[in-house]
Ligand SMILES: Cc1ncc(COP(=O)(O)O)c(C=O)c1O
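Take a look at this single chain, the form predicted on its own, given in structure tokens.
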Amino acid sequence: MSENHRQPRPAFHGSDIEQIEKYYGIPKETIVKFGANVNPLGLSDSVRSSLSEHLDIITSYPDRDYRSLRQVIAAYCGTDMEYVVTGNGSTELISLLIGQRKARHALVIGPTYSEYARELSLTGGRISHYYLDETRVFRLDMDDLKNTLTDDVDFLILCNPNNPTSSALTLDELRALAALCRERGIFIMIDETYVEFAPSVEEISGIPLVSEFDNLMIIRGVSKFFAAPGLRLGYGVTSNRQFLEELKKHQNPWSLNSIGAFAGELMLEDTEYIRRTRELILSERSRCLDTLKSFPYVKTYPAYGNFILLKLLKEGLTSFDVFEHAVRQGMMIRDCSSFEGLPGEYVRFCIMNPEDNTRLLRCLGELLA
């Protein structure tokens, strides 16, 4: 057994670039961040230009109701402005939503983002997990879920497309789920952080259900698709007016700063950037999957997000081995061993620029082909 395997393995997440720099002695500027799931195009040039010309906007408070931004969000999503609430990143809205629901028994569909369970743990209610089945390529079994939804479950959380599996429910499946949950008095939170990367957004987004069902809220943000995690702009959509008012009542005033509100409008109306992003991600995701399918020691799954989950099939090869092999070549992927409900050896990487993707595929091929 190698020295690396005898020592405790460090656990790195998608944003832990400084820790990786320190541990491996590799300058962080030289590392390609395949673990962060952020649009490789970076900030839109037109948004950058407009922001630089309007920095004086910080001398004034933003509109407390963010009406202009909410109108743009509503137009972008195809919903009613009165259903939209903005926040300091999707994280704030997730926290507010979970805090205000005060669920007696929450069910989280996983394996998924650990922040949901962390926030739920602060409310004092019971938390259960329903783990997607790998043999079903991580697609939800609705009949099996029905049997899992015990009478005391009053809150359901899912990420669509899901992180880290990149699987997704269709709109029809979401509608059936929303109807089932309405019958049983269950409120649903759908995290659509990655929905804009899907081959067809209309096929999997739950936004059209908002006017149909008042027992759900959809959460989105600009961190991943618009490459702006530092902007901290998130938004939620729900037709449950009473709940929306309660949520706003507990939200700090001006939780989103003037630059965030201004930039959000620019981003959501930047149709050229949106087109270029989708063109890049859709073509490169297909190319990467096609290449990986030829590797004998890896299993791939249908991918709806801007990332691909791989199951390692080579005996004795661990996810940490693959992670370290890549990071020593200046590419940081995600070792998925920290995801609960994902038994086996898995790694995840997001779609970057074509030349970087080619380099990663070559690197992975050294171990898996």
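Start at 1 and count along the sequence shown; that's the residue number. Keep in mind that what you see is a predicted model, and the values were worked out from it rather than measured.
Omitted from view is the form predicted in complex with this ligand, to which the following refers.
S.K.: My question is simply whether residue 89 lines the interface with this ligand in the model of the complex - judged by any non-hydrogen atom within 4.5 Å.
M.R.: Heavy-atom contact with this ligand at 4.5 Å: present for residue 89.
S.K.: Looking in the model of the complex, any heavy atom of residue 94 within 4.5 Å of this ligand?
M.R.: Looking in the model of the complex, residue contacts with this ligand include residue 94, since a heavy atom lies within 4.5 Å.
S.K.: Can you tell me whether residue 225 touches this ligand? I mean in the model of the complex, with a 4.5 angstroms heavy atom cut-off.
M.R.: Answer no; every heavy atom of residue 225 is more than 4.5 Å from this ligand in the model of the complex.
S.K.: I'd like to check something about residue 131: if you look in the model of the complex, is any of its heavy atoms closer than or equal to 4.5 Å to a heavy atom of this ligand?
M.R.: Contact with this ligand, no.
S.K.: Heavy atoms, 4.5 Å, this ligand in the model of the complex: which of 193 to 201, 131 to 139, 275 to 283, 102 to 110 makes the cut? Say which one.
M.R.: Result of the contact check: 193 to 201.
S.K.: Checking a candidate spot here: are 159, 163 and 232 all in contact with this ligand in the model of the complex (at least one heavy atom each within 4.5 Å)?
M.R.: Yes, the whole candidate spot contacts this ligand.
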